[in-house]
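Here's a solo chain for you in structure tokens, the form predicted on its own.
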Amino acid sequence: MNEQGNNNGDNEDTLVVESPVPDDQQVPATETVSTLRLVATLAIAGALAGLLIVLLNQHTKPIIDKYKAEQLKLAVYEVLPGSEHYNTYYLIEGKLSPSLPDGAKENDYKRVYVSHSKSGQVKGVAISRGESGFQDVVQIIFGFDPTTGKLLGMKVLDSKETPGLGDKIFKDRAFVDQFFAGPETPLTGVKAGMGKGLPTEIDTITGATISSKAVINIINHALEEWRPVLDQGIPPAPTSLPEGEVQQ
């Protein structure tokens, strides 16, 4: 009777008996990954990635450097029309030198490229310089006649100016041709059609005024730096090179 009453009562006690989990169904223990192991793995992966980058750079750098040298050579001849060969002169202690000091690195010195006639007279000097444009640095090279003070040509070597606008500094043939027409320096930028016909004027590009003025400013700033050096005189061209061979 008491057992039956307990089963029907309001405060019923329930005994729950858990069945043992069979050995073949035991919950696997969670594996803890060591922090040191993670760090070591990442370090090894990073080292391998760095090694691959270094190896890739060592393989591609000579190829890239050779390509840049070839493009520079073509650009020098383009901005010095009629030149058959040129020589590289380095700025050393405020003067031009056709050679570097022993053990010196070429990239540590500023330089210009000088074209001589067969008789040894200077035909023109090519100067490279870069300055900020509208978007990024604009790198150009231009030819200059130190005797007359006139430009011989200009070429944009590198530019990331806005496509369709700023890139007209090298795509707009009418703009580029002005630098091959022998303008006198220092240059003056004017709006197209608003000039007075002065020999120093360069028409800027409508819609790309900042970029086209940047080219003009780069040339003027470069000549401010190099004209005093050139006025000191350019040493004779090296005579050890075969006719037509380029010293770079």
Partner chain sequence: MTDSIVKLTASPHVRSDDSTVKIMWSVVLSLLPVIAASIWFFGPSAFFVLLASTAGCLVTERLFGSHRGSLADGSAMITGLLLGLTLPPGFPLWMAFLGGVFGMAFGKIIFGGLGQNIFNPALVGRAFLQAAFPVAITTWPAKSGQWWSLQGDNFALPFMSPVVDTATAATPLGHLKFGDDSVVTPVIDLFLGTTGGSLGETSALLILLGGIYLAYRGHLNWHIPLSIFVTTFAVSGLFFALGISQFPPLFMLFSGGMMLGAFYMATDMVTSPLSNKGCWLFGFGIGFLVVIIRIWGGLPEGMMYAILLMNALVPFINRATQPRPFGSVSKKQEEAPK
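Predicted model, so just to flag it, every value in this text is computed and none were measured. Positions refer to the first chain, counted from 1.
Just so it is clear, the following notes concern the form predicted in complex with the partner chain, a form of the same protein that is not shown.
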Problem - Stretch from 116 to 124, 77 to 85, 163 to 171, 144 to 152 whose residues place a heavy atom within 4.5 Å of the partner chain in the model of the complex - result: 163 to 171
Exercise for the section: Would you confirm whether the three residues Phe134, Gly189 and Met194 all fall within 4.5 Å of the partner chain in the model of the complex, going by non-hydrogen atoms? Expected result: yes
Exercise for the section: Please run the contact check for Thr200 against the partner chain in the model of the complex: heavy atoms, 4.5 angstroms, yes or no? Expected result: no
Practice task
Considering only heavy atoms, tell me if Thr185 and the partner chain come within 4.5 Å of each other in the model of the complex.
Solution key: no
Exercise for the section: Answer with yes or no whether Asn220 is in contact with the partner chain in the model of the complex, where contact means some heavy atom within 4.5 Å. Expected result: no
Practice task
Could you run down 203 to 232 and flag each residue that has a heavy atom within 4.5 Å of the partner chain in the model of the complex?
Solution key: Thr209, Ile210
